[in-house]
Ligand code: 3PG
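Read the single chain below, which is given as structure tokens and is the form predicted alone.
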Amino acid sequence: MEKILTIDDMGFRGKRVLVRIDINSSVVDGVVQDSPRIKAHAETIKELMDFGAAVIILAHQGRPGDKDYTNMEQHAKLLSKYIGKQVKFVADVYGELAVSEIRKLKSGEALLLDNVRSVKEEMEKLKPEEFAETEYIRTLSNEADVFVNDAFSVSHRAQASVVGFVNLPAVAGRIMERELTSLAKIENPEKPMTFVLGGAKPEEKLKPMKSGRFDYVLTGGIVADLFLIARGKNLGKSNKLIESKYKDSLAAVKGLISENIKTPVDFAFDDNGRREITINELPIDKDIEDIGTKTIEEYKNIISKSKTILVGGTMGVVEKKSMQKGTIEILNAVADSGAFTLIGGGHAGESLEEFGIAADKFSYISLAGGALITYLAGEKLPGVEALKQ
């Protein structure tokens, strides 16, 4: 296997270092929300600053046209809070202003360039070598000595700032290193291996199930609804949403049905408070919003026998306190299982503090969502491939 170099393999004093991070965050009423990703990436940046590097940070926020698409000024302030030193925001990515500010940068200082997705070439369909020839990547490459990819969570995307710096020595940042080290432990996992699979975005989360690596898949959320409908169950109101919004995923699910994929036997819905019904009481003219008590106990029994457990999503609509029961009980069961436990990106990992569950009870909490799913599906990640020597 090709070797991936890390920060430990290179000296940084006096060097200008381009660092790609992923601090894409929720935006509420125009305010960028703090997140575990920002805190984690701040550690990598601070370490490079302490080594005497001049750190040039690349990141994105949302996509052009989306509500959460904005510049990176607020992100710079949040990074500064965690680093304890100023991270200067530059309202440019590779133009004259950006180049001027990069050249002013001294050892031990850092700046954050503007949203890389404001650059047309960032998300074009090009090969790494073709990205390297764009004015965008060529300009930034000329201003740096080293490229550090610390953004495992966007490394499933072959985008310019992730794969384009082929003309620079490249190493993995601390988050990238930790993600890859933890994921290596599930290449030859201790069995049985269980995948707790819930939440939304089923089109992504179904990919790993085709790999056949899991002994059990415990479903919740939209994923559970898909499998129930594919098995011929009429849920009621939820059927309409699934059949209109997730047609492609429903078709994919029909080819994945097997005995090791477990679906709920009871459910919770909001009826002026939490109310539960069994599967035999369906259909119902209400949105199903959580797994029920019997399902929780069945899932907990499987979890207690598992040796490797991955959590990829929530069991219900955790934004509603009355619908957090399934997720909280399943997460507590995973935490107490004694197995190697890995939580994927998303609500499950980010809500541990709110749920009163200690993060250190899990073997690893990944900051990745789509990249983790792609890895579990056995697909190569372009950003990781670009780091191989």
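Here the structure is a predicted model, which is why all the values come from computation and not from measurement. The numbering used is simple: start at 1 and walk along the sequence shown.
As for the form predicted together with the ligand, it is not shown, yet the points below apply to it.
Peer 1: Given that the partner is absent here, state which listed stretch (56 to 64, 351 to 359, 43 to 51, 330 to 338) has heavy atoms within 4.5 Å of the ligand in the model of the complex.
Peer 2: Of the options given, it is 56 to 64.
Peer 1: Let me know the one among Arg274, Lys201, Lys207, Lys262 whose heavy atoms come within 4.5 Å of the ligand in the model of the complex, would you?
Peer 2: Spelling it out, the residue with a heavy atom inside the cut-off is Lys201.
Peer 1: Can you work out which of Val154, Ile242, Ala170, Leu78 has a heavy atom no more than 4.5 Å from the ligand in the model of the complex?
Peer 2: Checking each option against the ligand in the model of the complex, the one that comes within 4.5 Å is Val154.
Peer 1: Looking in the model of the complex, is the ligand within 4.5 angstroms of a heavy atom from every one of Asn24, Arg37 and Arg117?
Peer 2: Yes, all three are in contact.
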